[in-house]
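For reference, the chain that follows is the form predicted on its own, supplied as structure tokens.
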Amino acid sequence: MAKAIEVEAARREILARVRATASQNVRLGEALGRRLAVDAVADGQFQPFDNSAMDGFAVRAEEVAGAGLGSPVSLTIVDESRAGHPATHAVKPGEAIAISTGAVLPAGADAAVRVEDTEVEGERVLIRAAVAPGENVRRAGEDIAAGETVLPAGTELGPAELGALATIGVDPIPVHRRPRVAVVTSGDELVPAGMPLRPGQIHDSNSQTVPALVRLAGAEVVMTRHAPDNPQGTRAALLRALEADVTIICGGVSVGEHDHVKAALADLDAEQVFWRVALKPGGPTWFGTRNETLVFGLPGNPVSVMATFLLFVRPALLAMSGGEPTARRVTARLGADYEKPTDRAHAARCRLELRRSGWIATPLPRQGSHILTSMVAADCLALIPTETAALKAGDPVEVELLDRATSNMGR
């Protein structure tokens, strides 16, 4: 049997075969979670004009330089500048123009006095505080300069990013097409949730966890199918699934008498890149290609499926979407001692906690690959390399974040 590939080598083999999806134009209202296919460049500046940061009065600063509570300066109100409705007059000596927050600073004015520092008497305003030139004024181009790259290609579009694109007037926007993913679960013992169980049967959790993980990674599930434990049924299920950008098969990739996935993939001209990873959980992982399709054969155990998806499939989907494949990996410190043999790497399920010393990843007590509820409690997978026999509490460790953790930490 061939030697198992190391985790990082497996990731490199996968990413070397990833090609970014083509771009498509979508409206801003539909672009949440998508990734830019091109740099977003501002045609003009923002703000596009000098404007007031306060409700008050636009003035010439030199005229109110001596203003105070006991020595107000009286000016004639000649116009008003409201948001979206600029004043038509310029400020001349002895004059002021009422102004709203965000409204265009009128010509001739170089500052704004807060309304709290004024008192209106008919057609005149008493200015009771001095202001310096530029005070309470937001300058044109202060946020975004003309020609500036506001968001680089590959940026994941969240609320702030969508707001920035709207600010520079971009709609629609070119984004990467979502990778199309087909999911196949394998095993005669599996029945859908909600169906009664007969002796020896269990409910199929992988048919729920894997499509959910696919969507959270920014991809589109185009097909889910169940393959029975026989060569003909397995081949039939895989034939259509291999038309997607990415095919994920859960179970049936080991060496048991009723594991038919590898043989079916070979029969369908899928080329194996590696089989078996030096990893616990998730050792019997298969990866290959068929034409342009990336094919992942993941173990059947629920935790192994999720762990290998997060370590191998998600980076590929992120890269295909124009993102950074290591975007979900950070460094933390272990919250407890951890020991293991040096035959393979471990992906230990951990709780993540922010302390004064930084992020602390504490391994959960139950690490069996069949304990799916441990993933409910986990925030990340701590990656303990093959050659490492023991780590002490406080030692640094790389962790692969679950999406629950990325929501808490920010992306």
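Numbers for residues come from their place in the sequence shown, where the first is 1. What you are looking at is a predicted structure, and each value in this text was computed from that prediction instead of being measured.
Just so it is clear, the following notes concern the form predicted in complex with a small molecule, a form of the same protein that is not shown.
None of 158 to 166, 93 to 101, 240 to 248, 203 to 211 except one has non-hydrogen atoms within 4.5 angstroms of the small molecule in the predicted complex; the exception is 203 to 211.
Put simply, residue 297 is far from the small molecule in the predicted complex: not one heavy atom of it is within 4.5 Å.
Heavy atoms of residue 252 reach within 4.5 Å of the small molecule in the predicted complex, making it an interface residue. Using a 4.5 angstroms threshold between heavy atoms, residue 143 stays clear of the small molecule in the predicted complex.
Put simply, residue 301 is close to the small molecule in the predicted complex: some heavy atom of it is within 4.5 Å. Site annotation in the predicted complex: the residue of 190, 173, 332, 75 reaching within 4.5 Å of the small molecule with a heavy atom is 190. Proximity to the small molecule in the predicted complex, defined as a heavy atom within 4.5 Å, singles out one entry of 135, 259, 267, 148, which is 259.
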